[in-house]
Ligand SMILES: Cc1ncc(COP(=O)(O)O)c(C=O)c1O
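Only one chain is shown below, in structure tokens, and it's the form predicted on its own.
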């Protein structure tokens, strides 16, 4: 395999940083102004991690492209890290939201759209009952609270190097001897995660059974395929094994489909006939309008109804005054019914395969020790020869310096990848030309890097 010359990488990276700055004077000016009242000059701290010496400011976005304030058109393969998975501002969603804006944004009362959305979600995912939030993080939090209520247990099991939004219990990793330790830079944790969480490796049913055998696990919170540490696919029978162990040991199984919805209209759960007790999703189903939801079985619904008193139903940590607002419900109804359709995935998934083929061809051309993994409408390359089997393998194969360079090289040529890992996502507006542009760019990049 071809080895990477670090000194060459550093020289090329400096060249790309200079080119980025020269091409984006307006973004640079706005970034300097932004620092006056926003730390790092960004609305949220993680935005400083984008490649380049300042963030790109967006002027407009539509479909699979956006234009920055310097007038540069970009192929967007990030798509809001799934938040805009159905494209920027899909027409049906925009029309529905525009109508709702003049009819009321939030009222703390239900709209008729909520009936259509909950019915549609039940048909997609096979769970009959749904509640609504503003983010998938909130939906995960609520699902965990209900699991603790119904089981009388305190612990949550998560996968090593998982990601479930800003859920406190999920910022944990495996320590020595299978212990639970706080994830690096777990900011302001209310308690050590060892008090709330047990961590197991993905694809390790024996470790999961050991974690459950303590008898104190309320819920197993999982992505049916890991996505945020690099795509890690399940072994054959793994998710079914998780289901069986959850049932055997009395823990509730929560499938977080926030990213794995890329597997199809009903996510990985429906595509592979999985049967969680609860299911969480957000981001994508509102077409860009903030929303989240969690569904659950009839048995769970009955148990909740018998466990929560009406007098206290508003102060138990479940809900929020903006949850289920009219604007979000209108956006979800339009997106689910008219945009996130089977036909959309029939267009998106082959493009993801074509993107993966193009990347693999570039890797093979230079003999790089890398691989590509596919998951429905998303694909990702990683810096190891074979696909990762668990979260730790995926984490250990990362290379932040190399990743930053590759992202910046792409950005300088008008292509945006998902930050913090090397993932591309297709939307209904992505074209073959968009994919071909990435394939050509990637091959030029690695040939220069490894020449």
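All values reported here derive from a predicted model rather than from experimental measurement. Numbering follows the first chain given and starts at 1.
What comes next is about the form predicted together with this ligand, which does not appear here.
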Contact label in the predicted complex: residue 136 to this ligand, heavy atom within 4.5 Å: yes
Any non-hydrogen atom of residue 228 within 4.5 angstroms of this ligand in the predicted complex: yes
Contact of residue 223 with this ligand in the predicted complex (heavy atom, 4.5 Å): yes
In the predicted complex, residue 238 touching this ligand (heavy atom, 4.5 Å): no
In the predicted complex, segment of 254-262, 270-278, 339-347, 307-315 with a heavy atom within 4.5 Å of this ligand: 254-262
Residue among 125, 130, 370, 163 with a heavy atom within 4.5 Å of this ligand in the predicted complex: 163
Partner-contacting position among 197, 325, 93, 140 - heavy atom within 4.5 Å of this ligand in the predicted complex: 140
Contacts with this ligand in the predicted complex - residues in 275-302 whose heavy atoms fall within 4.5 Å: 283
